[in-house]
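Quick heads-up: it's one chain on its own, the form predicted on its own, in structure tokens.
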């Protein structure tokens, strides 16, 4: 089997597993066209990871674009006050990370648009963690809360431009620049120290819980810390405590995002393979009411992982001889299919990957 075919099969199997996962929690498949009106992306350029967009003019003279983002299309497609619980498997067109080359890339993810409470947040985070687990490698997720960032920035009473600089310094963990800007702008040393501390926070929740509580300066920061701690308790009870890290390098554009934001990493891939967060502000900027939360898994970022260790093509390989009664073979396959995906064959396919081999011999099914 060619390596490209192995990768493709790995991707297909992973997408099937994710689809089953999301549908079990009530999310429906969302399908969209390959392109949108260019104006949608022009008006929300800062939301995109890149401002390079492939455009073309249709036969009516309207300027269209191959979609570089899926969330914008889903928000646009939802009614003004409509709720949506959807997942997707779609291709997007954008510049590759660290390159000017435009590429077609695969994303799988989900969006929850409507009322977002603490349970909803824990559910989406759990599904993101399960999505990382489905890749089959060791994984961790970094979580932050933009309410803590905005609360500290608002306490400085600085102009918007200076706050934006500070948010960038927090995301890059640049404590030196934070201290310098605060000193030059007259921010008190106690508050400046808390902002520097926020930039340096990283670790497990039990290790960093006291440090987080030490950053409370107003209602916004207090609410953010309480929400983070409550989410951790729910996820830890579900068995994900050791997979979560507090990480305030996960700071997205504050004009679009609010609340929790997160990134996922898997062993063997030197970049994040999953990202998501709360984006009520995007809804409001697009004239929609309500709240929203979602994430995307970047299939192309996983390509090297899937290539190096393709997911098994079958849970059970069932081999039977030519003289085996067809009725007996059918009965055995039906029984085995209750335990997983079965591939029945006379001989073992070349280079096939599977978890168990079962054979039919002397009238019996044997491991």
Partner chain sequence: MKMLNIALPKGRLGEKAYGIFEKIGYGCPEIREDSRKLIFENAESGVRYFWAKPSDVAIYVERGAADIGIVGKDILLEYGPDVYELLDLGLGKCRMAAAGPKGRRPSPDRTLRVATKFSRIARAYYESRGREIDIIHLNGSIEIAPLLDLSDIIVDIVETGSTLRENDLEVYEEIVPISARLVANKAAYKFKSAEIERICAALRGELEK
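Residue numbers count along the first chain shown, from 1. If you're wondering where the values come from, they're calculated on a predicted model, not measured in any experiment.
Beyond what is shown, the protein has a form predicted together with the partner chain; the following relates to that form.
Query raised in the report: Out of 270, 287, 239, 188, which one falls within 4.5 Å of the partner chain in the model of the complex, going by heavy atoms?
Result: Contact residue from the list: 270.
Query - in the model of the complex, the residue from 217, 235, 266, 134 that sits within 4.5 Å of the partner chain by heavy atoms - result: If I apply the 4.5 Å criterion carefully, the residue I get is 266.
Query raised in the report: Which of 108-116, 276-284, 165-173, 83-91 has heavy atoms within 4.5 Å of the partner chain in the model of the complex?
Result: Going by heavy atoms within 4.5 Å, the stretch is 165-173.
Query raised in the report: At the 4.5 Å heavy atom threshold, is residue 123 in contact with the partner chain in the model of the complex?
Result: Close contact is absent here: in the model of the complex, residue 123 is far from the partner chain, nothing within 4.5 Å, heavy atoms only.
Query raised in the report: residue 255: heavy atom within 4.5 Å of the partner chain in the model of the complex?
Result: Close contact is absent here: in the model of the complex, residue 255 is far from the partner chain, nothing within 4.5 Å, heavy atoms only.
Query raised in the report: Any of the heavy atoms of residue 291 lying within 4.5 Å of the partner chain in the model of the complex?
Result: Result no; residue 291 lies far from the partner chain in the model of the complex.
Query raised in the report: Using heavy atoms and a 4.5 Å limit, would one call residue 139 a contact residue for the partner chain in the model of the complex?
Result: Judged by the heavy-atom cut-off of 4.5 Å, residue 139 is in contact with the partner chain in the model of the complex.
Query raised in the report: Are all three of 177, 202 and 249 close to the partner chain in the model of the complex, meaning a heavy atom of each within 4.5 Å?
Result: All three within 4.5 Å in the model of the complex.
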